[in-house]
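Let us start with two forms of the same protein chain, each given on its own as structure tokens and named structure 1 and structure 2.
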Structure 1
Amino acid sequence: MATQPEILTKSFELGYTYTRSTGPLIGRFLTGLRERRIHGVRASDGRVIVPPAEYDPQTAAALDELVPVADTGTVTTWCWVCEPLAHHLLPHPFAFALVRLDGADVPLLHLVDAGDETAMRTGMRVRARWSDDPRGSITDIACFEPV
């Protein structure tokens, strides 16, 4: 009778133990949010992109000219969320919206707390509601609300 080889086992958990650095451009953007300031970046064609991109989406040129923009803007399109899920940042109905901030050419995707779907509309003016506890994150803008 042949002996069975011993089978060795070891538990293993697959994980990625690295942290991506934000880099100089996004780091400056996030630092600005912590200080309740919003910056975009000027693209090769002069457009202002918010949040800033490290490389021009059309030419692939490196971008580094941060441009201050306002914390007010215009809703360009939106989608209403009737029943927020546990991971959503607002516990009550809200809109995901593209907001073109004053001074920017490319809209930013964020939340709008309009209170009710009937209050939402394309073209409405909104202002950032800042977090009470800024940490240098996109969530330092808690949401946008109608002006």
Structure 2
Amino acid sequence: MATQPEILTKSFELGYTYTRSTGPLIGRFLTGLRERRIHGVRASDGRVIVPPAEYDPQTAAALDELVPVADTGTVTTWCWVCEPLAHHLLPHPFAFALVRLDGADVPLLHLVDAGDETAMRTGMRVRARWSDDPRGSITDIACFEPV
């Protein structure tokens, strides 16, 4: 057996510079966000899905009927983040929440900037806070905030 090896450590970053093409449906959804409008897609059973699904969950048929929904909604479940990490979009404590937008049947995962955990509750009403510089991304909705 040789002598003890040195302990060698090194930090490194592995980066993937993905550019995704958004396709006809998600592209329209993102273009809408850039105009501060939120759209869902109507599924074969009549439900409105936000963000839009490209294919029907039941029949797998391609979907293309976009439906405008409100930028207000109801929190259906949430989780408080006490210590945000560097890559989170808010520097202070916030909630990850499922928000069912008015006019939609399926909730959307996003942030709720409620200030304090005691301000959060299931069933609370929230409204989108829009980015000052929307550019066609889900983060054009900066977060939701209590109404």
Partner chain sequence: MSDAREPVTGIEVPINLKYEFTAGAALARFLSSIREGRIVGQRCPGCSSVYVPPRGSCSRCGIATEEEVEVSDRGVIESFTIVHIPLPGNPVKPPFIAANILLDGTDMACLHLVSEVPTERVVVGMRVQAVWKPREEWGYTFENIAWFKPVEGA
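Note that the structure is a prediction, hence the values are computed from the model and not measured. Please note that residue numbering is based on structure 1, beginning with 1 at the start of its sequence. Only the largest set of C-alpha atoms that superpose within 1.5 Å between the two forms is called the rigid core.
Taken from the structure described as the form predicted alone is structure 1, whereas structure 2 is drawn from elsewhere. Superposition on the rigid core between structures 1 and 2 places the CA atom of Pro24 less than 2 Å from its counterpart.
Core-superposed comparison between structures 1 and 2: the Cα of Gly123 travels less than 2 Å.
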